[in-house]
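First comes one chain, alone, set out as structure tokens in the form predicted alone.
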Amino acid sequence: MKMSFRNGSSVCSLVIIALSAIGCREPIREANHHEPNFLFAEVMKISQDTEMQTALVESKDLMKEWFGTPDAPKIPEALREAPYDELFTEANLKLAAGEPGSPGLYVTQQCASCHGLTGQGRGLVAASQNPYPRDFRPGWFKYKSNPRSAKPLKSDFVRILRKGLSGSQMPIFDKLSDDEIHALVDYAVFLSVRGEFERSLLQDAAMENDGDKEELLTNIADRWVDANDATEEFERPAFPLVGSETPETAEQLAESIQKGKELFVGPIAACSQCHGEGGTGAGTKLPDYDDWTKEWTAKIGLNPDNIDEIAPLMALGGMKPQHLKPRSIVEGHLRGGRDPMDIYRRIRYGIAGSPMPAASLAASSQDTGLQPDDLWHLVNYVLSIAQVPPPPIPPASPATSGDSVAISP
């Protein structure tokens, strides 16, 4: 199946196609289909002529053939055998997705009301949230146990579901069984693999590539399979970390915290440029946007601050840009976890999809720059000023009627 397009033509006809297909807002379960990724199609500069529309239909048909529908998800044949057979199981997909007249966990636990039925981060209540719910389709995830470019581990998803994301609308799901949690994790991975594969199809089409579609899919799946191999184990330092100190090591901890503070405000780590000298989030750097926003605005030459300029792209599924706020550390909302190792990894790897960079370590102990112990000093300083925030509010029980779920904003 070759999908080749010519650039040119306006966005308007694609807007009409998109709005006629999905309406002005996405219902939770109004039609048994996955919304095509019209926004990424426009990012790829796919033209709006007949050839382009045919290619979009071909892409949508292939996605349905390989991945099924929201009510009846399918595992593509290429992912049914090792090493891909543990990415997601049919039983877990059915438990998460449900079936006609009987919504599954993804709907009844309100995942779809935030993350959208297709995992596009644009559910019924998404527009009222800051930050917006995650769009799973690019395959970018912030809070994980491995390097910035790697796919997350399933255990990372489990931790987020069990502990929530403090300071956001992502709640704690502490009433679900382990089987239900793992079903939601499998479904999140499924939606991400599905969404990234669709993006790859559109990208290939825009470049007039006619590559092997199965290979395209398995290349994406390989990165999920390899996620464990990308995970590194780091030794904790010889000096104590906050929470592990004793009366005998209290002075060592105080010295580490002071070193961390000096690094935080100093020119080498320069954390205070974004997070502010007191860790309040009031740094000197200009406001920025996350990569989900930049992809369909700044990276294709559009000004995310100019609503009139980006309105056609918003009609295709782009959320109104929100400035990304550096974390106020003193408020204590450490979304990636409060364990020292969690914070160490955030500093060491940075945060994918955000301007938070990976730490640049010195080549040797004799060179100027951050040393491994310096990152632990920063961890101690962060934990010394981070207050313990109140726990996230558990999700309310949704009201159900027929095959839809009503969610109050």
Ligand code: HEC
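From 1 onward, residues are counted along the sequence shown. Every value quoted in this text rests on a predicted model; they were computed, and no experiment measured them.
Unshown form predicted in complex with the ligand; subsequent notes refer to it.
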Among A282, A78, A270, M314, just one has a heavy atom within 4.5 Å of the ligand in the predicted complex, namely A270
The ligand in the predicted complex has a heavy atom of only one listed residue within 4.5 Å, and of A150, C114, I257, L241 that residue is C114
Evaluate L95 for contact with the ligand in the predicted complex, applying a 4.5 angstroms cut-off between non-hydrogen atoms, and reply yes or no.
no
Going by a heavy atom distance of 4.5 Å, is K261 a contact of the ligand in the predicted complex?
no
May I ask you to state whether I351 is within 4.5 Å of the ligand in the predicted complex, using heavy atom distances?
yes
Determine whether any heavy atom of Q129 comes within 4.5 Å of a heavy atom of the ligand in the predicted complex, and answer yes or no.
yes
Counting only non-hydrogen atoms and a 4.5 Å threshold, tell me whether P237, P340 and G369 all contact the ligand in the predicted complex.
no
Since the chain is shown here on its own, which stretch among 139 to 147, 228 to 236, 241 to 249, 297 to 305 would lie within 4.5 Å of the ligand in the predicted complex, judged by heavy atoms?
139 to 147
Residues of stretch 290 to 326 in contact with the ligand in the predicted complex (4.5 Å, non-hydrogen atom)
L324, K325, P326
